[in-house]
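Only one chain is given next, in structure tokens, and it is the form predicted alone.
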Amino acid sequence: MVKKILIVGAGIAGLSAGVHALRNGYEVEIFEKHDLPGGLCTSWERKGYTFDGCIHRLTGTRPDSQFNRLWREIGALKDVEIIFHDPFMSVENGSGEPLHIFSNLDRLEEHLLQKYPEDRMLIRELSGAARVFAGARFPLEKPDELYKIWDFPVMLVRMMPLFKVMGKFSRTSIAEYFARAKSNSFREAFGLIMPPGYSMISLISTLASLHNRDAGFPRGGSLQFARSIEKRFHEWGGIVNYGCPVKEIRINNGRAVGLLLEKGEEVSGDIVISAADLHHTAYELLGGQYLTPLIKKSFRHFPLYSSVRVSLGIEADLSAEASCPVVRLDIPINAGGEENRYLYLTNYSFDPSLAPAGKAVVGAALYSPYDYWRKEAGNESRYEIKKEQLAEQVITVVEKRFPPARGKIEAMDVVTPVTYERYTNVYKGAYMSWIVPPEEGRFKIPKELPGLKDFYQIGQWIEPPAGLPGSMLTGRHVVQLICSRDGKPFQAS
């Protein structure tokens, strides 16, 4: 008899689990709150412009890379043009030439040495570590739970070049590492690439992916990327119920047996996988019954990545302008108590499919706390005014940085942490789950909960900072666990 798997959420993790489960002979039905696939991996249209809300760089875009093969297993990146823009990012601090984050490590190292010769040792140490990562192969093929003792010698040989780098950098934050820099400009600029509380390994692996040309942008953007996986899911016979939020995971004698939908309908299944937000799953769908100390500790103590995104449709050709400048502000933007001295801009002219011919989309991102926006959202008119005020500040910066855009704004949209929460149930609008302190070492939330059978949880919270590749992997890995429990070989392709 074919087992039926019920999946909560049609984000990247849920779709990944769904495709792999179908391929391995299970019946699968997904229940999604929104009317679109992808979860946080999404785009939306305004007045003919496509505003992208997720992908900045996607690990796995090089045809022969590990992650590329894993993406192709679930139908992603097939016949998709991959766009690379170099430099990947430029930090413009208003004094002299910008700091360019070039993809090629040799070029990046040369550029950094020219700008910051006093930090020669730090620069060479950083680029050397990234080169080691660029040549590494990681044990991604199956979850930790399925590794046997005889797998470890092979893994040790494969990972040997990484041990020295991991030992040196894994428990050091970006802020701690660059505190050693003699140049204030160097220290500040590298703290802008990603949140400075992240482990140095996150930064090093990013530089390695860029060097390998394995971190491009799929033409068409985030929603089109998610739809490619949805297409494979449907081709294999899967069902997605959109506009169908789940109210409760039904449990009988310590076993997940189905779902209670918001509309009152009950759906029975043999296995339940929650690809929904972890906090929503633990505290709402499971009613707080299966909270582990680790889950409680993590939500109580770990900081979150919370941001506001302003997207602009501009009646001007910006194809000759920089793609990703990070601009130092003459007047800091205070977004709900979070003072932003820099504004992250993305000029999407590298992907002409996102705007009408001769026009452009520019996205701007800045840090802003959830609690501020949650309070403002209590008064709808005031909330809209606050968003408009913030947008006007961003427009002023964009028009100064991109002179052809002056007076040419045709479309605008502001996404706050409350927006992310409303559409996806993500905890406090957290775009990238927790910022786990490096001293925690390798951090992961178990996919299974003690005392609850036939239930699994996947998604960005399980092995932060997961992003899209990590979310996809949790979906693959959980189906491998299910196949192992059922005594059947896992089929990947």
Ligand SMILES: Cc1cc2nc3c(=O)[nH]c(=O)nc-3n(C[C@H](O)[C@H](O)[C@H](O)COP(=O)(O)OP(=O)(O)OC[C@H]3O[C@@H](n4cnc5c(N)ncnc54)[C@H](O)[C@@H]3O)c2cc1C
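No experiment lies behind these values; they were computed from the predicted model shown. For every residue, the number given is its place in the sequence shown, counted from 1.
The protein also exists as the form predicted in complex with the named molecule; that form is not presented, and the subsequent description refers to it.
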With the named molecule left out of view, which of Ala335, Leu126, Ala282, Cys244 would have a heavy atom within 4.5 Å of it in the model of the complex? Cys244
His211, Arg232, Lys387, Arg309 - the one with a heavy atom within 4.5 Å of the named molecule in the model of the complex: Arg309
Indicate whether the named molecule has at least one heavy atom within 4.5 Å of a heavy atom of Met432 in the model of the complex. yes
Taking 4.5 angstroms as the cut-off for heavy atoms, does Leu468 touch the named molecule in the model of the complex? yes
Do Gly11 and the named molecule share at least one heavy atom pair within 4.5 Å in the model of the complex? yes
Indicate whether the named molecule has at least one heavy atom within 4.5 Å of a heavy atom of Lys428 in the model of the complex. no
Answer range among 269-277, 129-137, 287-295, 101-109 for contact with the named molecule, defined in the model of the complex as heavy atoms within 4.5 Å: 269-277
Every residue in Gly39, Gly53 and Gly459 with a non-hydrogen atom within 4.5 Å of the named molecule in the model of the complex? yes
Neighbours of the named molecule in the model of the complex among 400-428 [non-hydrogen atom within 4.5 angstroms]: Tyr420, Tyr423, Thr424, Asn425
